[in-house]
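First structure 1, then structure 2: two forms of the same chain, each alone, as structure tokens.
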Structure 1
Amino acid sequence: MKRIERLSVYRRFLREIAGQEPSSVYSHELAEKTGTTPAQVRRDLMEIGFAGHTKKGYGISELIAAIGDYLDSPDGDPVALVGLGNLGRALLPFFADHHPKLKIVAAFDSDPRKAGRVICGCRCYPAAELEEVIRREKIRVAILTVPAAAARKAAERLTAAGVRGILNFAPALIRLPKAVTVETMDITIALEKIAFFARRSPDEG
């Protein structure tokens, strides 16, 4: 659902302005800064049951808390990273500290030489220990950065071990029970789409 993404975006902006004066924002300000419309903002906040004040807008710190209550697991979610190629290693620093609720607690790679190392504070395990570690750490969210040919099998192993959400960077279709959320970020397809629209765009003067 798109609403979830917008709520994340709202929160990111709200955190930037938290602590400043004034202590509240109008729907039109939030919309302007996050690339949507005032009506959309009001509808989204209505949907999560957060009420504003006529003529004063929405309390910033309260709204940050409300979005957190809605989106986040109270204790945060441990995340696994599967595949320590170029892309996988590039993603580790993103979550090394930044995010308060999502933390990569385990990385896996089929190359046993990578096992035992600690990268960006994250312990690396051999692929064989995937199920054991996922279960032990109660990991339910994973990032998949393995080659396309290995993606399906890795996704199935993750699911069997208890993972319920996968962010997949491999250009491969992953079919899993619908109880598992799979979001594929396919860079090639995104670029092809962008090139398509860019080609149709009028030239500058």
Structure 2
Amino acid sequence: MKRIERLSVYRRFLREIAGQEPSSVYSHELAEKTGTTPAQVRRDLMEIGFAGHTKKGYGISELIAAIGDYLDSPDGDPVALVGLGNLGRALLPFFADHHPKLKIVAAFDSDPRKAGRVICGCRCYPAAELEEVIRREKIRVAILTVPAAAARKAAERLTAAGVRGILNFAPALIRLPKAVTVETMDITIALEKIAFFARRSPDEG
């Protein structure tokens, strides 16, 4: 899991410098910009079968392509979004603009005023149609932006319909079978952590 995260970070940095001179990058440069070590960078890239040159480093465009071949599905991954509140609406254009290989193809909401509409280019379906649409569109990845009280039930329904990866923004602990990968992004906890350390003096460590 950590290696996958690091590869994503490497690719983000590489895209930022793509097209600039020089056209190659060294492991120590990747390490410095991504918060790891040169040895870890080399191990990660060896795992995906990409080797650099001692003198020339890694070709930037070639490395971006190699990471993409490893991380991304050739045809892309269709994604479902469950919950079209403020956060859900904000995520729709974000994914449309930032990651063509991860496309939100269906949204679901219990509000009848949203069902049947196309919002930010994505069709919103009634929550009751979740299983049918997930199976029809062969969706294996989903994003949860529902209230905490509704998160577990929604995750169970997604899993039963065939979803195998869930990005959970709900402030709730979700326990699912080991075959399902769940990544929880609890914004409140993250902000509390940042606020705590922001109040501490540099001497407190």
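By rigid core we mean the largest C-alpha set that fits within 1.5 Å across both forms. As the structure is a prediction and not an experimental result, all values here were calculated from the model. Throughout, residue numbering runs from 1 along the sequence of structure 1.
The form predicted on its own corresponds to structure 2; structure 1 is the other form. After superposition on the rigid core, displacement of the C-alpha of T159 between the two structures stays below 2 Å. Shown in the overlay between the two structures, fitted on the rigid core, is a CA shift at E183 smaller than 2 Å.
Core-superposed comparison between the two structures: CA of E137 displaced by less than 2 Å. After superposing on the rigid core, the C-alpha of G35 is displaced by 3.0 Å between the two structures.
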